[in-house]
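This document starts with one chain, in the form predicted alone, laid out as structure tokens.
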Amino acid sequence: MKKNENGCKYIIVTGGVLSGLGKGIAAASIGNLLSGRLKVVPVKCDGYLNTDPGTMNPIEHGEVFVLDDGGEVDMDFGHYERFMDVHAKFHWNLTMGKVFKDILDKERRGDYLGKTVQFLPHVTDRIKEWFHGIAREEKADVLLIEVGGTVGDLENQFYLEAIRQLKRDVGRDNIIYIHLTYVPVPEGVNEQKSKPTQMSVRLLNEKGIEPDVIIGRCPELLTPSIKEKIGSYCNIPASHVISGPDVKTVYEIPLIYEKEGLPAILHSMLGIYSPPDLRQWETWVRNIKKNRVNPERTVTIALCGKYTALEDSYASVVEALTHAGAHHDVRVDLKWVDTGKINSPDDARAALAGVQGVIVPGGFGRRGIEGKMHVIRFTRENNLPYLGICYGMQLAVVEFARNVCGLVGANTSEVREEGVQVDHPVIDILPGQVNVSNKGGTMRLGGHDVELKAGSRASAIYGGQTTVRERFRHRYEVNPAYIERLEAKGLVFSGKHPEENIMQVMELPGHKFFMACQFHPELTSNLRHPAPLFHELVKAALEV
């Protein structure tokens, strides 16, 4: 029996039939179940040639998740962090673009000593080296590897070949393959069907991989008979066929996997022991489920942006509201408002009718910003709780400059690129961004300290702390030349860079709740520890 040189165990999560079944949630839930006593490190393998998703349109790809180290990664890393309470690293995300670039850089340096560089073995070897390197660097007990897309995707074939070889390299007792697949219940038939799973597993077998566990994504819990059928066809015990049913909240998935016996399977096959303690988690899930069906209290928060065509564009914002709602034991309903369709104060009033709070999230560009400022003005003038995030802070400053300070033509200099005249650039490009030409990975990114003003509402929200760490993704800032004029009219900048004159939090004293931040608090929120600004927004909304 081979011995794994770094002592790490490997869990591989693949998917079949179709994308979007929830591999990220499944992998994060598995990590949740094992994280009590073990260091579980999540790794995501994406097939696209981008080196990161930072330049992709959120409507096409979903939210860009920003890590503390400044890496821009796939939104599945949000699931990993929220479920596993870890701080992931950019190096844990492989894209085929990163892999190919690394190999080509090595070739140019002469690292291959004149050999012909080929897909096999050089690409697959590099992928495996990447896995082993992470395991060593992090001293991981378990490396949890999710392969994006489906087993049939052409761009994933090198990942699949690498993970096939991994079993031979680390030994059978040190690796387990988990396959997420689809078990439909066709309308009118009302019977769970195993054929899609059979075909998906057959395709996986053709790649030389036999799954040890199959998770059946289904509208309902799998029946004993379908488990037997899948187990028989796929050559695994029926007990290794796990239900992945539709749920009221994704945070229920670890609880279901535990009841289905998945932790015991992992412990037995990998020779590990880390029993989960989900008692507190279950309480929060119970609150979420109860409030989805029969809430005692409900608040409606308007999410006002331009990417509302795909809700995944704001996935972390939605989850942060879920976390806050679970801790307040209240249902948080979302009202999606496309600010591109708001052209007047009356439009804003109509759009915000019946809501108890408003969020303007991050974004870029000119489209929809005048609508956002109509929304912001309405919240400011009508004492409606408001949270502005990134662009939502910048536009709150612009709105205040225009309508309180009387600075006609105030705007962000960002819109100059689209031909808009800006007489008062109250928001201007960061000095370090002036000569940047590449779009990818060049913004002010990642975790930075924020110095909070003593006695401010921001400091109180963060439990009296005067320094907090949050994550950023921006090119523009409040123009220092206008700070004095803005504050003279009552706006308070209650958070700033510890050493530079970069404003990072603003608030309006006397308002029920008017807070805005240059950072993205949603990126550090999880079910155990809701983001303080979201927690306080929901609290203020309950008082409307």
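Note that residue numbering follows the sequence shown and begins at 1. This structure is a prediction, so every number in the text was calculated from the model and none was measured.
Keep in mind that the form predicted in complex with a small molecule is not shown, yet the notes after this line are about it.
>> Taking the small molecule as it sits in the predicted bound form, is Glu414 near enough to touch it, meaning that at least one heavy atom pair lies within 4.5 angstroms?
In response: Because a heavy atom of Glu414 falls inside 4.5 Å of the small molecule in the predicted bound form, the answer is yes.
>> So in the predicted bound form, is the small molecule close enough to Trp336 to count as touching (4.5 Å, heavy atoms)?
In response: Trp336 lies outside the contact set for the small molecule.
>> Within 4.5 Å, heavy atoms only: does Gly71 come near the small molecule in the predicted bound form?
In response: Answer no; every heavy atom of Gly71 is more than 4.5 Å from the small molecule in the predicted bound form.
> So in the predicted bound form, does Tyr482 come within 4.5 Å of the small molecule, heavy atom to heavy atom?
Replying inline: Judged by the heavy-atom cut-off of 4.5 Å, Tyr482 is well away from the small molecule in the predicted bound form.
>> Which is the contacting stretch out of 47-55, 473-481, 491-499, 29-37, given heavy atoms within 4.5 Å of the small molecule in the predicted bound form?
In response: It is the stretch 473-481.
> If you check Gly148, Gly362, Gly368, Pro211 against the small molecule in the predicted bound form, which one has a heavy atom within 4.5 Å?
Replying inline: It is Gly362 that has a heavy atom within 4.5 Å of the partner.
>> Please identify the residue among Tyr159, Phe131, Tyr391, Phe83 with any heavy atom within 4.5 Å of the small molecule in the predicted bound form.
In response: Contact check passes for Tyr391.
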